[in-house]
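Take a look at this one chain, the form predicted on its own, written out in structure tokens.
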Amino acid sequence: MKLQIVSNRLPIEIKKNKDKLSTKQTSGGLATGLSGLRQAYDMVWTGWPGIHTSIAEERAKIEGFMAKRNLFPVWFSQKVYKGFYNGFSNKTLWPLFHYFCQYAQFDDGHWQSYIKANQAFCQRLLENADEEDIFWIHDYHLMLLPQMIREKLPHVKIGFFLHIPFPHFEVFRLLPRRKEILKGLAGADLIGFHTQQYTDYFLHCVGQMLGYNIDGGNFADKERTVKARSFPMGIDYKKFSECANEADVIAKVKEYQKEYKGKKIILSVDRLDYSKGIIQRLKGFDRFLEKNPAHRKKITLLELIVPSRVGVPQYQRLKKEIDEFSGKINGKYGTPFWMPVRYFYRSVDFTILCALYYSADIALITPRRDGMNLVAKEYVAVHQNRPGVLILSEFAGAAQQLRESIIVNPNDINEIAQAIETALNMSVEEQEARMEAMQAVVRKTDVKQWAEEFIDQLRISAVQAESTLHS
């Protein structure tokens, strides 16, 4: 029996520079969370290797390298990948599921590429699968795959986890291929979401659009029971909670303390995306400075934005808007010796990220819609024996767990400004009490516990589904 992990990307990415191939570990907490399962299962991972090549020798070399690590690449043409990934996944599903309906594009060519890509994944999996395997499929790129596998291997255990929000019925119904997506997911035994709200939205759509009877989070698909449950994803708590003790992190913290001496640091960390509420956050900070002149020169917003989907016009426009508004704030309030906004557009390594988390007096995390938001949990985990305040959007999945944060509506710039003022005036004792309560939650629901709980529930669900089928 194997545990078959399936995601759009493999945890190792192949790069090609001229004729030379190289490898790079991909970022993200999924590989970390699944590492604990390797001890209990023969785990293999299927996904795109990060490169398009039709050269037989290159493919064979990549296949050989990956096979030694139990990784199996999926191959398709650049045209199919563009329509599948850039098209239907990120121009249709992503904006719609994040409630940016005005950005959603409905292109039949993209849909056909999405089908072909999911079929390519299915075909690749069948080359290395049997009925005893457990399949765990991840995210919105592969929502047709559970049913495709089910048709070929009717009795295998199939789990699916969605890492982004599942939208309300009135938003999801805008999708022209909504029934096909729901039927694709219904091929799974267990479907997981970050929050109970996303789970309820999904079940409501299944009931309304497929006509299935919903019973306590379960529904029957062709006499087989399908379960939908919430599994809030966590982080590698130990890794983040212990990082501030590392010498290179301590050195960086001292550097930041010297540079920002006498100033409070507000930190925001985001991938460049319209769902992250970056402009609204900057407007909220601008409003705070406008209303609180006494705090000028005593506070700095560090805005760290990681590049994403470079070359997509929508994201280029967003970056330009961020550049301009950051400059506007600095031009309005800055002096030769103080800039209210320090804006960095780049990725940073783990050491710098941890030092920034530890140095920040306030974390300002205000997405307009987010599946979970692990940055909030990372900030909390790093702040061991150190006061700090988390300001968090009510539309981030993490807000359901981190209730001792200051919860804000990210669209209300006055509320953001007020939250900053509240955080600055909060006593050290209250900061510490809130932080300790949130740390207890993040510690208890770390990423390895999340993965183990999902697989345990999947095994139970698959057995129950089979018993229902044969009863």
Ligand code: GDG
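Bear in mind that the values here come from a model prediction, so they are computed numbers and not experimental data. Quick note: we count residues from 1 along the sequence shown, nothing fancier.
Keep in mind that the form predicted together with the named molecule is not shown, yet the notes after this line are about it.
- For the candidate spot formed by 12, 23 and 66, no residue has a non-hydrogen atom within 4.5 angstroms of the named molecule in the predicted complex.
- Residue heavy atoms within 4.5 Å of the named molecule in the predicted complex occur in exactly one stretch of 250-258, 340-348, 129-137, 221-229, and that stretch is 340-348.
- 374 is the sole member of 71, 289, 144, 374 with a non-hydrogen atom within 4.5 Å of the named molecule in the predicted complex.
- Scanning 304, 265, 181, 203 against the named molecule in the predicted complex with a 4.5 Å heavy atom cut-off leaves one residue, 304.
- In the predicted complex, the named molecule sits within 4.5 Å of a heavy atom of residue 163.
- The closest non-hydrogen atom of residue 94 lies within 4.5 Å of the named molecule in the predicted complex.
- Among heavy atoms of residue 353, some come within 4.5 Å of the named molecule in the predicted complex.
- In the predicted complex, the named molecule lies within 4.5 Å of some heavy atom of residue 271.
- Along 187-215, a single residue, 194, places a heavy atom within 4.5 Å of the named molecule in the predicted complex.
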